[in-house]
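Below: one protein chain in two forms, given as structure tokens, structure 1 then structure 2.
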Structure 1
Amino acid sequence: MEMNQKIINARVTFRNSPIHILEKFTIKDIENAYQQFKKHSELDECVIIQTCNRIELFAKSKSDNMDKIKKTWASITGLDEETFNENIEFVENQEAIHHLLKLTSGLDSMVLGEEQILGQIKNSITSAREVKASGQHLNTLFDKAIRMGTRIRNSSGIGKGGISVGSMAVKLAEENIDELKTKKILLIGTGEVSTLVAKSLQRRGYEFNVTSRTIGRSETFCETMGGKPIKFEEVLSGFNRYDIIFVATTAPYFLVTQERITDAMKNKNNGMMILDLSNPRTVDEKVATIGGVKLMNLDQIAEMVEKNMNARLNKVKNVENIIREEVSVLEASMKRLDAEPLVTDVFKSIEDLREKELQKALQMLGEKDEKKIKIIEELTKAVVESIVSTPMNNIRKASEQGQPGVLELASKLFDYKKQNQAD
């Protein structure tokens, strides 16, 4: 099935790439990027969506532009193309539409059903519209996808009571420690799970320190996620300064050792809670035997999240089914648009003919009676309408069902020339 218009989606998201890699793909000057993509990647329309978990490009084009998009994106961000091949995903048409619906209904978010993304998508299409980066195809696609997504969210309740490993860990800290606001909190790591912990801490108004193997990484993380960056070396020798430690790194060794925590507890008059969210673990189990230390690991936390999730998985299946049905509806609307330039053009040229012939006839009749003129005018409109509307609707339908041949033929029949399109 050939569509003469392609809807393309190119994306780099947290699903394949850790936050510090995502950062590199960020497009700083979006307006300039729109110009670059349209010019160098030969895209007719485009919309860019950027959040701290994803950078995505939706586009409409007539040709296959995967390599051009990579090149343009690489030149905008100063990245080498190798980095692209490892991190970028490309889908088109049905799959692109499916992905956009997953986004608007909250199925593709780090935290299932979260609300934020919907607002971000609305802002993206609004600003793309303002600078005329998007046009009829993407405006229609996004408007419909936003409406559908909102409806799906409301009817499925997918956003209710969503809990991630990160927010569950913060919740456990709150349950186990009094006066959490007055305590010192440390977050080790800047990956996906750390992002969830940081979001959760920030939402609840807690201050926290962040450390990772390089200070630069901690700094970029804190710019987007809040928190205060701390040097790794300072942390290793200063565990005694903290009351709650969230550990979420991918270190291949025990970062938090029995020895370090035993030392830390010597100079500490209150307890310490350590939540190990790393996989594999980076906190030595033996730490749990030290007096005054409470240790919880990923399995225990994940189990609690699991209980919460099971209740929601049925909802996900529900939403998946709704999305599958809606994709074909949306796809049909997009294909119908392919026929619009032709239909509009035919209606316009027929309307011009009607006007001309009507004026000629009225002149010959020398008719001055407004009432009669109106009747004659209505007659000409009715005749034209009754002849033209059936073929036009059939052309739209054929377009919708993916039969470009009919469109081609109609263009010949109605002598429609593509260059009329001042797109």
Structure 2
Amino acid sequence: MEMNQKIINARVTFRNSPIHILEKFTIKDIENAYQQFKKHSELDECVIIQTCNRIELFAKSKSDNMDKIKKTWASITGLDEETFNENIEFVENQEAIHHLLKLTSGLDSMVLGEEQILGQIKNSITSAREVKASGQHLNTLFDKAIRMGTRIRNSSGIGKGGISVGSMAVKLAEENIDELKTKKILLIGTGEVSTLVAKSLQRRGYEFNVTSRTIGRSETFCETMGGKPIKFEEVLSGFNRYDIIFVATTAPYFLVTQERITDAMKNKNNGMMILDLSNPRTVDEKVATIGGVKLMNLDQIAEMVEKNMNARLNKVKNVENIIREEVSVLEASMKRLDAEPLVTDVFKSIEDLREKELQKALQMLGEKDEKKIKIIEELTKAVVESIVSTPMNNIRKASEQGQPGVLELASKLFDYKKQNQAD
């Protein structure tokens, strides 16, 4: 009889696959996927985690399923099975648990220690639980891994010093400009990078104007991100009104030209800082030669992000050590779960037996005195418990220590049938 459960992780992530390839592995109908995986890949439990950097399946099973998982995943996504060979990674048990901890603590993220992944994992296990795709093993594993991940993040400070090109640009503006709060700030662009800049400005309590070619886009942007929408033409002819300008557009030409800034500076009696987050540049490098203008481009900003990143990298070793310790704790509790169906079953049948014999005895005695009945009942309970609890705890321990032989033997001794096994 096979008692050992496997914890499996199959994944396609940004580490092996560029984003445009990664996208192809995305699972659209997750609920349906759960059914398919369970049916065709012989998985007892599954949880799918999907973000823009990864598509991951965690599962519990009793057999080897790598090929079956590939097959099911291929049929769900309409991909060739061969496509998986170069992209999929597959690990089991200790390594799968280790990987989950790396995920929850932010060690496997593109931006080390970023917060989002933790929320995404929480959502994944919550919805898997709701549709009963996951069960006792994965629920326990995920709950513990989420708690551990949160603890690791807090104690190591791996996520500290929020960095994105957006918040780094704002930080640089703060470092270079006195009393930024009193200055006029402009954000050109309403895309992804602008969102990061706006978030950071908003968080730090700065007022700012936003512009984009279409005023409608700026308006929608400002509704959610804050800031005040300004007409594009108004900005182009009036750069002199601003002291700090963040530029993050995909315009294929210089939006901020030497001419426009030269004009602006003529009508301005204080300096101007321009931060160009675009690649290719949308600010002409020549504006840096104009008196009173400070220009920073994406390379310089990215370099600062990199430096900041190194501070996080130094913390990685520490986090890796903590994870290594926690993996064995998690692994033990997973193995301990292997013994639970048998332990529950034995306790139940002994309890049934006790109850039956107690009723028989009480009937024979014709006892009516509640107090005496109580004493007899307690006696039966005490006897049963003192006999059973030690072997049961030893079975749990043996399971935890990875001795499936003991579990097998116990199954024989207690006449435990596998079909009784309740998950």
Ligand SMILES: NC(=O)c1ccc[n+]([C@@H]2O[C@H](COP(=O)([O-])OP(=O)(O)OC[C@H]3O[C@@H](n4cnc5c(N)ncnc54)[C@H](OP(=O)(O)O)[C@@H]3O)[C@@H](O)[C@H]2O)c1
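C-alpha atoms forming the largest set that superposes within 1.5 Å between two forms make up the rigid core. Residue positions are counted from 1 along structure 1's sequence. Note that this is a predicted model, so its numbers are computed, not measured.
Novice: Please let me know, 1 or 2, which structure is the form predicted together with this ligand?
Specialist: The chain shown second - structure 2 - is the form that fits the description.
Novice: Rigid core fitted, then: does Thr282 show a CA shift of 2 angstroms or greater between structures 1 and 2?
Specialist: After core superposition, the displacement of the Thr282 C-alpha between structures 1 and 2 reaches the 2 Å mark, so yes.
Novice: If we fit on the core, is the Cα of Arg151 displaced 2 Å or more between structures 1 and 2?
Specialist: No.
Novice: With both forms fitted on the core, check whether the Cα of Lys122 differs by 2 Å or more between structures 1 and 2.
Specialist: Lys122 C-alpha, core-superposed: shift of less than 2 Å.
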